[in-house]
Every structure is written in structure tokens, then in C-alpha cells.
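Single chain ahead, written as C-alpha cells, the form predicted on its own.
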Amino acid sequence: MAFEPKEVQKELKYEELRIYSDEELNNYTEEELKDFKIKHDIPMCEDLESGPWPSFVADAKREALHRRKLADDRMLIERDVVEDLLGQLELSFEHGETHWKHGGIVGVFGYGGGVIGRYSDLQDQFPSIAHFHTMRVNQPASKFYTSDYLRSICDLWEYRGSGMMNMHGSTGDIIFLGTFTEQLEPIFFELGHKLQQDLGGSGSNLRTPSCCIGKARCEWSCIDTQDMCYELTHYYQDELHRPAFPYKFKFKFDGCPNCCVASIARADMSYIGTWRDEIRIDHEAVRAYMGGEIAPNGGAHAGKDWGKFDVQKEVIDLCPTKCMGMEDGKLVIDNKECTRCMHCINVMPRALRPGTDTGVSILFGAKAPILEGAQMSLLTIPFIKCDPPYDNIKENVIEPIWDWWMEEGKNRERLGELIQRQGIKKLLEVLNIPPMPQMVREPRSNPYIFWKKEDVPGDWDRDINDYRSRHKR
């Protein structure tokens, strides 16, 4: 069943929203591009065009030439913005330091996030990037777009910004790179009132939630990632737009343990679709793989002779918990030992499928290196049912974690660092859940167990006579 947003969606038509004609959008030839030189000398930047990969410098030059040939009244910020950007970048390479200065809060009315202020510290030399503010735009769930929408936002940013965009930042947003302060409110108005689009999160708040393609296109998805991402985005609008946290906080939603949106490496709270019953096995299809009738890995390794498929070597021996084997010519799985790594399913997708009793595993604390080193998230809730409107997760997981973090977290301390500082024991108290084997990262290195007073029968103060009455010699 297709995901349906709860609000009525406008049908955007580019022909009604467009700002530029086809002639204006295609206003230079490839021959002109070859002869084009920007107004600054940028030998180190141009060196980045010499490798085998696409270069942002080459793309920026295209944009610079395009802007140079537009009429003056067809841009609302400086024409030379891209050329000055490359010029300042060259100086940054030469000096070994950035020339974006810190300080100055800038935004749109009513929102504490969504705009990242940027000011050049070489404004006399590069006046068209005196301001170069970045705007984050909340991407649609799973990043599905129509060409009408994409062309409309590109026209808007060409007209009121630099024309340079990043699709997508690691947070997930569409990133609008570079505009002046006076254009922020008009851009925000156009996004909200004409394109039905909101700003994303920036600063010490909930960052824009993002999800994988989910049930829209993926047969392995155990949860409707689009619905969950959409619901939590709308439900936590205050946390998204009005910073009140110690630091940033990210939700990411993966439909299955393949983790295509990399939640386990990047999210403070990772949601990974999983199952708690048995992997479904089609034994005829297993035999077809073994007999060479079906290509393994969905045919992904075609084009080279890898030899005959060997289920023992390529599936069973690579199982991390050794929970698989062959008995009487049939594949058997000890499901209680399975860690849902997805390897066997990926190799034999027509023979193996996730179970049908589905929900999410919830992990906490992934992050890049800021105060402490980078870390992966910690599996804390191995399985919880996941049904709209997700009240069990909102009330029993998200909000207790936020209350603890906002009370105890230091400035610029991510959730993972708070867990590191106060310990997993404290995390489990906050969530009111018992310790489980799935939470263990390594065998215990500390042989001491510290009991809580209320967990000790008879309390701390023991009556020796009472003890002897129960333990006679």
C-alpha cells in the first residue's frame, strides 16, 4: 500500500512556477565553456578537475558562466557570487585556513534553525560573498521527487541565491548554498506557500529525520519507514525548529538490517526494521541456487566467471554466528542464534526472506568525532512493535531519553557521549528496561557487580540472627 501524507498535497506544475525560460537556462555553449575563465586565478582549485571523477569545480564554473550571461534583473543577489566563492576557496587552500568567519545569528522569523549563517572575512576582496548563508530544506521521505518540483526549487535558488545546491547533506536535507540575509524571508515564504516545503533542522535541535526507501520499493523493508519518518517529523516540529537541546540529535530509519541510510553509524537514535520469528525458507529455490539455475546476489556479480555457486563457502561459512547448516540436503537455520545480519538473504534473495512478525530494533549514540571519537550506536532495545502513530516509542523511548539528556547533557555533548560518561546502567534506568545479552559489546572486563539497595534482599543492614535462621550450620 502506498504511503499517503496526512495533509493534502499540492500538485506542483513547473510551467506555472517557473522563473526562467528555456533560453535563459541554456544560455551558453560547450565551446564557450571551454574558453571561459573566471575572474580569479585558481590553479589549486582547477587541479581538482584533473582526476577521473566529476568535479564540483567544473560544476561551479558552469554556474558562473550561466550567471555571467543572465540579464541583471534575473538575479536578486550578486552576479559574481560563484566566481568569488572559488576565489576565496583558492586563498583558503593557499593559507591553510578557512576564510568564513564565525559569529552572527541569522534565520527566519519563528524558527531557531534551518539557516546556517556564513560571512566572509575577506569582504572587500570578495564582495559578492560578504554573506553566504546556507539554508536547509526538509527533504521528502525517501527523497522521492518529481521533475516539476526539482526544476521549481532550482529556479527559486538561481533567482534568490547562488544557484549552487547540495543534494543531499549527511543530515539528509536539500542544501541551498549561499544567499544574502535579505533573501532569507522571501525564500522561506516561497518554499512554504508555493512549494509546500519546510526548512530542515540545524543547531542544537532535532535534525531533519531521514529514512531509506522502505516499503515503497524494497521487499526487505520490515517497517514503513516513510510513514514513521513523516509522523515523527510532524509530531516533533517544535524540537525540529526551536533549539533547546545540549547539541544536535538525529533520527534515522532503516527498513531492514542492511542499513541503507547508515543509521547505525550516524544517528543518535537509530531505528532498524527487523523480525523476531523465523527466516522464511523456500527450499526449492535454495536447490535452484545450488544447481546454478538462479544467479546469487541478484546477479550483481555477473560479468566475471566466479565459478559454481558454493552455498557452504558463500553462505553457511560466512554466517557470523554459525547458525546455518545443511541437513539431508536442506538448509536449516537455528533462528535463536541469528543476529539478522542479512548476508544469507542478500546472497539468496529468492530463497530466503525476513520473518513476518516485524518491528524495530532501537540503537543509541552514533556520531562523528566532535568532543570524543566517532562511535557506532549501541543496541539497546532489540525488538519493539512499530505501529502508527508510534505512541509506545514516543512515550517510552524518545521522551524519557530527551528528558535525561536535556537534564544531564553538557553543552555540545551528544547522546552517545552522555551514555559513555554516565554508563549503560544509567541508560537502562532511564528507559526502565532490563539488561539483555544483545547489549553486550565485549565480554565483561570488570569482575565487580554493584547492586542497588532496593535489589538486595534484606537491605544493606543484615540481622545476623535472621541470616543464621535461614542458613543453619
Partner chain sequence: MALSTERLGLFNADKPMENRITDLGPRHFWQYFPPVIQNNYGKWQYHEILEPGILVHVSETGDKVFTLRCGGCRFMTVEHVREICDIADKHCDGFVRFTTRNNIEFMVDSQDKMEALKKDLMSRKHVSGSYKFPIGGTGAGVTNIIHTQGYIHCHTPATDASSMVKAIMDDLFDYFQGMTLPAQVRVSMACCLNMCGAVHCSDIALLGYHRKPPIVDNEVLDSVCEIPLVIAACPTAAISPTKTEDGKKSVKIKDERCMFCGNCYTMCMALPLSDLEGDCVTVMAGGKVSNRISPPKFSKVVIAALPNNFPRFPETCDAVKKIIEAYAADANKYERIGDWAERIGWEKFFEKCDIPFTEHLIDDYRLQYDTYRTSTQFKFTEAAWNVSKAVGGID
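Numbering follows the first chain given and starts at 1. Each form is matched to the other, and the largest set of C-alpha atoms that superpose within 1.5 Å is called the rigid core. What you see is a predicted model; the values in this text were computed from it and never measured.
One more form of this protein exists, namely the form predicted in complex with its partner chain; it is left out here, but the text below deals with it.
Colleague: With its partner chain left out of view, choose which of Thr358, Asn166, Gln125, Asn396 has a non-hydrogen atom within 4.5 angstroms of it in the model of the complex.
Modeller: Of the listed residues, the single hit is Asn166.
Colleague: Note which of Arg276, His234, Arg79, Arg287 lies within 4.5 Å of its partner chain in the model of the complex, where distance is taken over heavy atoms; exactly one does.
Modeller: Of the candidates Arg276, His234, Arg79, Arg287, His234 is the one lying within 4.5 Å of its partner chain in the model of the complex.
Colleague: Although the partner isn't part of this model, could you tell me whether Asp459 comes within 4.5 Å of its partner chain in the model of the complex, counting any heavy atom of the residue?
Modeller: Residue-level check for Asp459: no, no contact with its partner chain.
Colleague: Indicate whether Asp463 is a 4.5 Å heavy atom neighbour of its partner chain in the model of the complex.
Modeller: Flag for Asp463 set to no.
Colleague: Whether Ala262 contacts its partner chain in the model of the complex should be assessed with a 4.5 Å heavy atom distance threshold; does it?
Modeller: Because a heavy atom of Ala262 falls inside 4.5 Å of its partner chain in the model of the complex, the answer is yes.
Colleague: Do His40 and its partner chain share at least one heavy atom pair within 4.5 Å in the model of the complex?
Modeller: Answer no; every heavy atom of His40 is more than 4.5 Å from its partner chain in the model of the complex.
Colleague: Would you mind picking out the stretch of 157-165, 328-336, 399-407, 380-388 that comes within 4.5 angstroms of its partner chain in the model of the complex, counting non-hydrogen atoms?
Modeller: Only one stretch qualifies here: 157-165.
Colleague: Taking its partner chain as it sits in the model of the complex, which residues of 301-317 have a non-hydrogen atom within 4.5 Å of it? Please list them.
Modeller: Heavy-atom contacts to its partner chain in the model of the complex: His301, Ala302, Gly303, Lys304, Trp306, Phe309, Glu314.
Colleague: Once you line up the core, how about Trp404: does its CA shift reach 2 Å between this form and the one not shown?
Modeller: Comparing forms between this form and the one not shown, the Trp404 CA shifts below 2 Å.
Colleague: Core aligned, does the CA of Ala60 move at least 2 Å between this form and the one not shown?
Modeller: After core superposition, the C-alpha of Ala60 moves 2 Å or more between this form and the one not shown.
Colleague: After the core is matched up, is the C-alpha of Glu49 off by 2 Å or more between this form and the one not shown?
Modeller: Superposed on the core, Glu49 moves its C-alpha 2 Å or more between this form and the one not shown.
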